[in-house]
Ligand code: AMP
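Just one chain follows, in the form predicted on its own, and it is written as structure tokens.
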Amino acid sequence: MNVLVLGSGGREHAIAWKIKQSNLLDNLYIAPGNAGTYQLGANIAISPDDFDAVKKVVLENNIELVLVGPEAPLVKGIYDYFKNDNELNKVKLVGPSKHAAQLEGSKEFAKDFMQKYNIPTAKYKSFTLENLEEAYTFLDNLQAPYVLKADGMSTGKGVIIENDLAKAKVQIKEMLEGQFGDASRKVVVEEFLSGIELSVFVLTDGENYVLLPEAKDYKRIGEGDTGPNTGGMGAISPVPFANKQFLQIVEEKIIKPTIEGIKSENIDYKGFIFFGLMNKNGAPYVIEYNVRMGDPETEVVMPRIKSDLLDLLIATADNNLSNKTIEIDKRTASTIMLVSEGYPGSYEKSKQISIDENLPENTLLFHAGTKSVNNHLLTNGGRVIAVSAYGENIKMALKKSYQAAEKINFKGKNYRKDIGFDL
């Protein structure tokens, strides 16, 4: 089978790495890919958002399955584009429909869905600039801290948590006036849930699902979870507090009602669902849905999947997941994200990267923002390389990730030294 993975980050590198292991694979293509995916298949320099260019690549290379990595093409309707095109509708595309993608593309849509299907989440209300005074009143009736979320997609940076009421009111006005562009023309204000976060993932054909390894990521740039949010600075899987009993509660109260809701609404959904959860005294609450895998969580989830991922993806596209099971590696996987100086703010690109060949055993490098120019490996993004490792426990896995991180160098390299500090 010829497979196309759309995307260019560490998530797509990890997915491509896993697909490459399948005996069902003939040729692997990644668009646009990075310097890491180049080692696995053919990189094709097109944007995943350019559906006509994607179509051309699919037809020219006899692609039989497309896996969509990032959220933007899903929210823009790539699934529907394929489904409604006579030349593409026989191609298997793993990713939800445009309607389904609103579970990530609109915080309001997602919260309304959760409320309708009794899925535990924080109480909330959404506002536009026209009802700003109502937003102020709603904030007056909440207890600090105050959670403000841009309704639309803002690459993981559109959530603000503010402890001061006056500042929260200033902040929501700035958001509604376009701080995050169109994404924050509507803002969801919700109560703050105290606890510890984790991410749970399923692969679903819209009726059945397989449960993937859970993970915990670390969003803030600074140690001790300080500073602004990023796309993610590291991750751990499994999560120690997510024991069998806790995950059973997640399945019964969150995953199954979500799948039932998708079926009840006749939502066309074939792909991953990411459940961003808060564990509040043993009770799980949904913070957000994503309609694709997380990054850098994918860089610890994929290494722990022992089953043939491509086989599972085919079953997903063919509505055949009820006949599939998944085998999970019992070892811990950790990842440390190496980022450019200045990230998540402005940063420079094209810094030369050197990698010591003598990396610790059981370590994996997933490229996120890299490119190859004249056989030189260069930085090409804020998040540069995810350094993943296996270990018998969290401490051993992290030790290897950090040892490997020290063997990778580029000017301005930065990374958190405390991933896993709260576990």
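A residue's number is simply how far along the shown sequence it sits, counting from 1. Since this is a predicted model, take the numbers as computed values, not measurements.
Same protein, other form: the form predicted together with the ligand, not shown, and the subject of what follows.
- For the marked spot (338, 364 and 400), a heavy atom within 4.5 Å of the ligand in the predicted bound form is absent from each of the three residues.
- By the criterion of a heavy atom within 4.5 Å, residue 287 is counted among the residues contacting the ligand in the predicted bound form.
- The shortest heavy atom separation between residue 192 and the ligand in the predicted bound form is within 4.5 Å.
- Contact annotation for residue 219: at least one heavy atom lies within 4.5 Å of the ligand in the predicted bound form.
- Although the partner is absent from this view, residue 211 stays clear of the ligand in the predicted bound form, with no non-hydrogen atom inside 4.5 angstroms.
- Contact annotation: of the candidates 249, 170, 161, 144, the single residue with a non-hydrogen atom within 4.5 angstroms of the ligand in the predicted bound form is 161.
- Between the options 88, 153, 122, 165, the residue in contact with the ligand in the predicted bound form by a heavy atom within 4.5 angstroms is 122.
- Only one listed stretch (132 to 140, 94 to 102, 238 to 246, 184 to 192) carries heavy atoms within 4.5 Å of the ligand in the predicted bound form, and that stretch is 184 to 192.
- Annotation for 251 to 281: the only interface residue with the ligand in the predicted bound form is 278 [heavy atom within 4.5 Å].
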